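The data below hold one chain only, encoded as structure tokens and taken in the form predicted on its own.
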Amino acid sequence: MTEGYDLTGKRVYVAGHRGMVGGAIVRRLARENCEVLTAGRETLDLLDQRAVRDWFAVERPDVVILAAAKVGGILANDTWPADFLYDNLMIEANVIEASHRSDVGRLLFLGSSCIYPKLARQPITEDALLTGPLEPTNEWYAVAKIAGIKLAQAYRRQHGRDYISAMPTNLYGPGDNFDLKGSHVLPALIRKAHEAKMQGQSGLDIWGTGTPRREFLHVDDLADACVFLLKTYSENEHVNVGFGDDVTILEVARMVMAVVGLDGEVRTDPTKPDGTPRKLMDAGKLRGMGWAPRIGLYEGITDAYRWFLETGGAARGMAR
């Protein structure tokens, strides 16, 4: 723990501000007395090392929140493994190195719960990292995120940089990607349920058996946790950011149907992959620091569906 890092007057660069996570962090930072820096893809290509270094040299941020990533669900990861590995490696390496070169005082790298072994003991504690094989359907993304954690640790060890990492569980909320070819399970369920309702259909088709258990955290809760960690945490080990409870895919599908107003039953398809059987993170470390989520799952799904209706569910697959 730190004595308390003050964001007042700081220039805070949010990499990936157009994505779901980055957008939520920008909204949360509006409550802090700091200057938020952003740069869209048309201004700054995070895959371009020279461009990133030049931008940092000019803008000189005090704090960096690295929320930029190429993201997607099982189908996207399985279809474009090279893109998920290369793009994410380049984004994090370029931003973290440029932060060091520009003497950035604080950096928060955001990973994913997929960094943990497929069969990790539940709930998953931070020390489960690198203790077993990854889930094959998203190992490319996971390997890149593990490298990001290690980069932050390496710059802390070699250069004394105050760089930390946080590992959020499955996220959802305003700004999510509702494209069925690249989305995660909850936004995909929302879109499928909405389309079924609009077409006058009954029931909802889902991949797999419906038995895997998943933990879901509203993105606004994650954003609040990120600000909390920047202010209070300064240690080598990454920190889990979770809701603390999980549900089956079948249960969340029924909850989505209730929010959307779709009648009928959930129809499973056992010929499709289930992915990891369970993925519940132990968030005891963060809870012990004094932070806890505030948005329940039904309330959060209602909020996400409201955003979907208001915006038409604009797809977002590259949060940079």
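Owing to the predicted nature of the structure, the values given are computational and were not obtained by experimental measurement. Counting begins at 1, following the sequence as shown.
Although it is not shown, the form predicted together with a small molecule is what the next lines describe.
Undergrad: Among 101-109, 188-196, 153-161, 223-231, which stretch has residues with heavy atoms no more than 4.5 Å from the small molecule in the predicted complex?
TA: After filtering at 4.5 Å, what remains is 188-196.
Undergrad: By the heavy atom within 4.5 Å rule, which residue out of Val239, Ala128, Ile74, Leu134 makes contact with the small molecule in the predicted complex?
TA: The residue from Val239, Ala128, Ile74, Leu134 that makes the contact is Ile74.
Undergrad: Identify which of Ile206, Val143, Val247, Met90 has a heavy atom within 4.5 Å of the small molecule in the predicted complex; exactly one of them does.
TA: The option sitting close enough to the partner is Ile206.
Undergrad: I'd like to know if Cys114 sits close to the small molecule in the predicted complex, meaning any non-hydrogen atom pair within 4.5 angstroms.
TA: Contact check for Cys114: yes, within 4.5 Å of the small molecule in the predicted complex.
Undergrad: Is Pro273 close enough to touch the small molecule in the predicted complex, meaning at least one heavy atom pair within 4.5 Å?
TA: Result yes; Pro273 sits at the interface with the small molecule in the predicted complex.
Undergrad: May I ask you to state whether Pro123 is within 4.5 Å of the small molecule in the predicted complex, using heavy atom distances?
TA: Taking the distances in the predicted complex, the answer for Pro123 is no, it never comes within 4.5 Å of the small molecule.
Undergrad: Given that the small molecule is not shown alongside this chain, does Pro212 nevertheless sit within 4.5 Å of it in the predicted complex, heavy atom to heavy atom?
TA: Although the small molecule is absent here, Pro212 would touch it in the predicted complex, with heavy atoms inside 4.5 Å.
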